[in-house]
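Below sits a lone chain in structure tokens, taken as the form predicted on its own.
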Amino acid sequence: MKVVIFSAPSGAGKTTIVRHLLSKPDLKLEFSVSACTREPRPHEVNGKDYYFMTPDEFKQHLQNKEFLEYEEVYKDIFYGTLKSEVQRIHDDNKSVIFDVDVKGGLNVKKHFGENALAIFVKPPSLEILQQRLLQRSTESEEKLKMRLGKAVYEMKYESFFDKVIVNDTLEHALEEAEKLVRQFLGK
């Protein structure tokens, strides 16, 4: 089983890139829906964007060793990849594509080794990242500061990934991501 991992600071563009790759049927990719304990954003759908859980539900899955990887990103805000989700995609004869935070991405890479392509998506600068997060209009000032602080920390890990894409222009980032994934999957 081959897996493709995209990690990046929040607002760098990884989700947009993953959606682009999923729109290419010949790649035979399927999105690994993560579980999380944060509140859903207005447009998000349970089971499609995330499996939304309470912290207690998440901890029960942890106790049952049902996660491939997980992370407590902020106090009582957990994200994780259920083993059953990866198996479901594999059983459908597709390759798994992950959109996960940096620690989760590195944990998935460690688990799958050579069968994983780990790509770090990097914003051109922290100033541009801040502008992108502000344009979303989904964050309070406190959460924005928290995300920017985490971005500085996460960018220290880019060298642990197989490839780094600087998302300076979306078109360039999409082309580069598609080229890398096609090479890895032999498509």
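For every residue, the number given is its place in the sequence shown, counted from 1. Predicted, not measured: the structure shown is a model, and the values here were computed from it.
Below, we turn to the form predicted in complex with adenosine-5'-diphosphate, even though it does not appear here.
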query: Contact of residue 132 with adenosine-5'-diphosphate in the model of the complex (heavy atom, 4.5 Å); finding: yes
query: 4.5 Å heavy atom contact, residue 168 to adenosine-5'-diphosphate in the model of the complex; finding: yes
query: Members of 1-27 lying within 4.5 angstroms of adenosine-5'-diphosphate, judged by heavy atom, in the model of the complex; finding: 9, 10, 11, 12, 13, 14, 15, 16
